[in-house]
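Next comes just one chain, in structure tokens: the form predicted on its own.
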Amino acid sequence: MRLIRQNIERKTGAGSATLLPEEPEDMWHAYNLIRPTDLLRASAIRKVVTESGSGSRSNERVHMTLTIRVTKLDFDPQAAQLHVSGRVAVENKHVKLGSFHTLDLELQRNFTLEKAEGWDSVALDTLKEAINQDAKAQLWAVVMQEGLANICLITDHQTILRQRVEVNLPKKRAGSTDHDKSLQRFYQTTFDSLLRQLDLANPKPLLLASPGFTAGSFHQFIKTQASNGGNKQIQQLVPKITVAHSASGHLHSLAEVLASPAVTSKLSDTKFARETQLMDRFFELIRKDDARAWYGPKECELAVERGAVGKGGGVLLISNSLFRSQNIQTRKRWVRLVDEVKEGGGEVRVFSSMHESGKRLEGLGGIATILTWPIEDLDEEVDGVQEGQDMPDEDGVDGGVDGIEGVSGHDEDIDFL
């Protein structure tokens, strides 16, 4: 994602940012940046009906720039398409104020975003992450078993299934080579499918995982192809391959594979490796009934209030899906919690809901903590308290802005460059 321009005021968070999505991963960042009630301006094509003086009507498709106040987002990770719906906030000669429209964000087309409640700390961190050119594809993975292969692209933010290969294999029979021949055809099909996905000019690490010996056999197949074909690019790929064990060849086994020492040792500097390690540590504490591990909204808020998620090992694990809530006060609740942990010296990890570690966190309600010191019976202290009832409202929120231009008279803008 490229930052074209921004005029976000440092003190209040008011202002807007104009961004250019350059690759499919950027659509995921846009999905996390844009929230309900935000103002979004982008180009659109709309059918306009005109009526002549004689009463005849004609339809034409008109290119225009529309500004909408967002009500709903629809993201397709496989196609990397983002559709944003809302009411038109700035009237023009073709579209009435308040009418509904859906903007389809596209690669290589600018869009401008203004936050209804200002750019809070989480939104600013998301923006910085989106324009960070180093956070690109980190790893390719093939999770497989005999007759099934799932080819995945793993980035810091999501796991994308790029292609599934399924081949029916005959059963092994004494004196018959049908199974072995079919297995070689399966390897060839998987190999060809993988080559269509990889950028061999700049190969990323490749992870092969399976139960039994399937991944090891496929690894040997790739090495044979590299030595026989004389393709130097494939030969450069071979040293980047890691073979690991998985419970099955299905996609859900990837979380277990990414947590294995063979993988984490090679990917220790990546964002998702750190998050996988934190989730493993959290569940280990849970299994030991250690009072430093708690999950649930009220439990985590109470732990932060007591200062137990601070310096010395305190970590807040929170899913980015919580910041996409339709309710503004709910979003503010989690932003406030993140800010409190950071101010207390604790670590905050915002997990992607489309990553394997993030899906594990979603199963806990999207939020968990590893405390600096143990707190016994924390759950008993929050029993009977209804979710969200004791959250104070924030004053000074102006939700009535219909324009998307930056606020004039800024004292100091944030510099992302």
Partner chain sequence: MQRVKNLGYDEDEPYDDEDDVYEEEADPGYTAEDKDNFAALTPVVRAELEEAGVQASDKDIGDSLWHYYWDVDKSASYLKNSRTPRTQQQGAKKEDKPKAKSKFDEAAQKSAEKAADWFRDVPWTHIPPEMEGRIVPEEPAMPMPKLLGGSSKLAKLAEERREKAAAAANVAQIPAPNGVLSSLDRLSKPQDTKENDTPQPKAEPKKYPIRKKREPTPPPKEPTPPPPEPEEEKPDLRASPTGFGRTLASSQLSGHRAASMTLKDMLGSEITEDPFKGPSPDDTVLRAQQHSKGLTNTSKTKQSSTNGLAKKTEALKLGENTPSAPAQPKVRSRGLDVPKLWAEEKSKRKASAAFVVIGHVDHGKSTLMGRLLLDAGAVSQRDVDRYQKQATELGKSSFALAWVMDTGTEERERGVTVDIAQHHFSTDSVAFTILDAPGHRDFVPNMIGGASMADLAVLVVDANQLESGMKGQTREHVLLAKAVGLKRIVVAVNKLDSTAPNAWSQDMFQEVKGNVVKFLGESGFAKEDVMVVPCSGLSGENVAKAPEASGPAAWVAETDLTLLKALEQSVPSEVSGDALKRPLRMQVADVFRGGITNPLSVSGRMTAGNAQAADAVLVQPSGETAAVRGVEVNGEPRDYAVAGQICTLHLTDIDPIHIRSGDVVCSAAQPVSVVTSFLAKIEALDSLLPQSVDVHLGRLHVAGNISQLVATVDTKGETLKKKPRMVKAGQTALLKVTVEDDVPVEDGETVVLRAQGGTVGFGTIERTSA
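Numbering follows the first chain given and starts at 1. Bear in mind the structure is a predicted one, so any value in this text is a computation, not a measurement. C-alpha atoms forming the largest set that superposes within 1.5 Å between two forms make up the rigid core.
There is another form of this protein, the form predicted together with the partner chain, and it is not shown here; the text below is about that form.
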Since exactly one of Glu146, Glu347, Glu340, Glu117 fits, which has a heavy atom within 4.5 Å of the partner chain in the predicted complex? Glu146
One residue of Asp180, Glu91, Asp125, Asp74 in contact with the partner chain, assessed in the predicted complex (non-hydrogen atom, 4.5 angstroms): Asp180
Taking the partner chain in the predicted complex, would Ile34, Leu97 and Phe191 all count as contacting it (heavy atom within 4.5 Å)? no
Would you point out which of 66 to 74, 40 to 48, 25 to 33, 361 to 369 contains residues with a non-hydrogen atom within 4.5 Å of the partner chain in the predicted complex? 361 to 369
With the cut-off set at 4.5 Å between non-hydrogen atoms, does Leu195 touch the partner chain in the predicted complex? no
Check Ala174 for me: does it contact the partner chain in the predicted complex (non-hydrogen atoms, 4.5 angstroms)? yes
So in the predicted complex, is the partner chain close enough to Tyr295 to count as touching (4.5 Å, heavy atoms)? yes
Can Arg331 be called a contact residue for the partner chain in the predicted complex at 4.5 Å between heavy atoms? no
In the predicted complex: members of 202 to 217 within 4.5 Å of the partner chain, any heavy atom: Pro211, Gly212, Phe213, Ser217
Align both forms on the core first, then report whether Arg336 has a C-alpha shift of 2 Å or more between this form and the one not shown. no
Taking the rigid core as the reference frame, is the Cα of Ala123 displaced by 2 Å or more between this form and the one not shown? no
Does Ser176 move appreciably between this form and the one not shown, meaning a CA displacement of 2 Å or more on the superposed rigid core? yes
